[in-house]
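We begin with a single chain expressed as structure tokens, specifically the form predicted alone.
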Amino acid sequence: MIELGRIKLAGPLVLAPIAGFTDSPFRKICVSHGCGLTMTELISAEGIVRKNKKTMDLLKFTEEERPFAIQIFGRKPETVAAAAEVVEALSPDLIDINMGCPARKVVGSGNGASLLRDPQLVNRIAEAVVKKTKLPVSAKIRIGWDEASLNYLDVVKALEDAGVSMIIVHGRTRAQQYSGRADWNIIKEIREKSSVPVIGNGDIDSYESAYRMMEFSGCPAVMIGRGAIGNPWIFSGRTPESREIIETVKLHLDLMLDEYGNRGIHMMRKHIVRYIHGTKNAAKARSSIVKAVSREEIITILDELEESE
């Protein structure tokens, strides 16, 4: 167990929030492979306060997913704080505030990375949440809105003054989205100057690169996003054989069906194509999987894929 102030991690490699991917079934899979902390996708504070059913469904988790964080977003301090109060009653291990999402629909309403342009608002939001809950609070940020406004030290200071327990830094600007390279030098600078623990994030596509970032930046832990999709082995550094990949896909599929019913078939397709990417006959299997409408069909496709290896 890694203790970062009030926050405890089961290991130094943690799962990033990814909309449409980091649901309960995927979080369970990642924990089984050594993930040190799981996190929901970003969840609207407005939706939580209004008790919107779809929003509330995103808050569900099981004990198997701990240590576990719920990530919320919003731009009204009182609303985000009220959402944190609702979230606290569910007993996660951590509440994270999203201040880095670059998606147009999120920043277009003044949320996510849009907040980076107003450190004073960042402070008010974080302070409101810290005062409302007894749980540790973290914030996930980017290094700035664009290259002309790299105000990350102001944002970090605003968060520290608000009393957050940890800061997660994605080393890109909002303008970069996910293009170019994450700036590990800035992550290192933030880690060196911050008074709270810092988790680095960006361009971690392997177990080895995760440890390179930790060694380079001095961060006690790193967050892995897209690199974990279809590859939960990234948390352990193991290279699975084809048989293990297929068995993991089957397990993940059954977890999806348990969670969502037959809708899980459709939702699982995007995961499967990532799992089997690079395997022999993957293209042929992929074209069949996107048309499959039952568990039996998918199992047959997977078995045929395994036999062709």
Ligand SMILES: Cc1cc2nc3c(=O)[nH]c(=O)nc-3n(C[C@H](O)[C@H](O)[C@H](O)COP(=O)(O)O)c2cc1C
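When you see a residue number, it is the position in the sequence shown, counting from 1. Quick caveat: nothing in here was measured; it's all calculated off a predicted structure.
Absent from the display: the form predicted in complex with the ligand. The rest refers to it.
Under a 4.5 angstroms non-hydrogen atom cutoff, the ligand in the predicted complex has Pro17 among its neighbouring residues. A residue is said to contact a partner when one of its heavy atoms sits within 4.5 Å of a partner heavy atom; Ser138 fails this definition for the ligand in the predicted complex, lying far away. Although the partner is absent from this view, Arg212 stays clear of the ligand in the predicted complex, with no non-hydrogen atom inside 4.5 angstroms. Shown alone here, Glu41 lies within 4.5 Å of the ligand in the predicted complex, counting heavy atoms only. With the partner omitted here, the stretch from 224-232, 129-137, 191-199, 153-161 that lies within 4.5 Å of the ligand by heavy atoms in the predicted complex is 224-232. In the predicted complex, the ligand lies within 4.5 angstroms of a heavy atom of only one residue of 60-86, namely Gln71.
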